[in-house]
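Next comes just one chain, in structure tokens: the form predicted on its own.
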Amino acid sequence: MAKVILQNVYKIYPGNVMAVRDANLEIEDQEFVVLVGPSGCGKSTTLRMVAGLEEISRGQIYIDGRKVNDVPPKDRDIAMVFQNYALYPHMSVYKNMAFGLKLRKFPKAEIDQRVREAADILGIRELLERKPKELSGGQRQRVAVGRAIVRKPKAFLFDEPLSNLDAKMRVQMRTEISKLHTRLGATMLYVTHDQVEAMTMGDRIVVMKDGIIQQVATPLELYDQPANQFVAGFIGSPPMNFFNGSVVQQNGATWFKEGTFDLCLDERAAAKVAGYVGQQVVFGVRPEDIQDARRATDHDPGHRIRATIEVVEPMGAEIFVYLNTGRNTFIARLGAHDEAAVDQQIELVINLQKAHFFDAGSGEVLV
């Protein structure tokens, strides 16, 4: 396996369209790194540049210490798994998995050994004689992964491989790919638009927006310490709530004033906004850090807000409650047995220990 390095990589299309801007990333040997972001953010383009399927406009890419800018895809010693499986319909599963090795003129005995080993790893040995049309979506995806495994490449690249599967099969397959990474000890670069997929699979996650890498961190670091408002809002389900307001000092305390409610900030939160007194900021809090005041242990009235319930979504073990302060809408993640009804006025407690503040102009986090 191998380390993959991107240094100051750009992709510029005709008309000066900047698809990827100054991407810098080091993927360690045997690391599982996930590129995540909304459609059009440049994640698939970045992956395709590593694969050699897109030319690099500027910068350098290294695989296992070798600069590969001008190396054709077939000579980069990588294997790619696509969204649409890309299987040959007229070939059996066995022949699909063996095809790349046959082109490279591997001995028949070694091809057979590699194909059967990969089939055993993926649990598809009984499918080897079937054609792709006889397989389910999940089985086809396993075959596509198997075709990559038999190559024993230096790095595996996955381009949204689960997006064509149903919800249950996606959960199953992301578990299979994670187990596969552990078993193979492989270097993997994985692209998805699904932040839940990213959070559950990656050793580290690369969040992209508008062709720019916003933050590279472990899943928990991204969740607890987002670099900016975009990352904070993109990572987490339901997403973080944001309130626009101002910072005011009053009666020896620091307050965040939204317009329909005032929050008295504790020492930690006040320190974050110390340089923004009298200015606009964005206050962020995750749905799970908002409690029904009737069940809260925090009785400080300065940590409470009132809102009207607009929608209630029972989720079994919990409920998602959509609320309106009169100025802002937001979501609270409450207990399954909390009382919540549409049009009900409810009092809520904000956990300020988990609060985030962002610059109203740049969106950068205040620390």
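Computed from a predicted structure; not experimentally measured. The first residue of the sequence shown is number 1, and the count goes up from there.
Beyond the structure shown, there is the form predicted together with adenosine-5'-diphosphate, which is absent from this document and is the topic of what follows.
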Open vs blocked, site of adenosine-5'-diphosphate as found in the model of the complex, superimposed, 2.4 Å to backbone or C-beta: open
Distance check, Ile63 to adenosine-5'-diphosphate in the model of the complex, heavy atom within 4.5 Å: no
Leu334: touches adenosine-5'-diphosphate in the model of the complex, heavy atom cutoff 4.5 angstroms: no
In the model of the complex, Gly326 touching adenosine-5'-diphosphate (heavy atom, 4.5 Å): no
4.5 Å heavy atom contact, Ala19 and adenosine-5'-diphosphate in the model of the complex: yes
Per-stretch contact check against adenosine-5'-diphosphate in the model of the complex, the hit in 64-72, 43-51, 318-326, 301-309 (non-hydrogen atom, 4.5 angstroms): 43-51
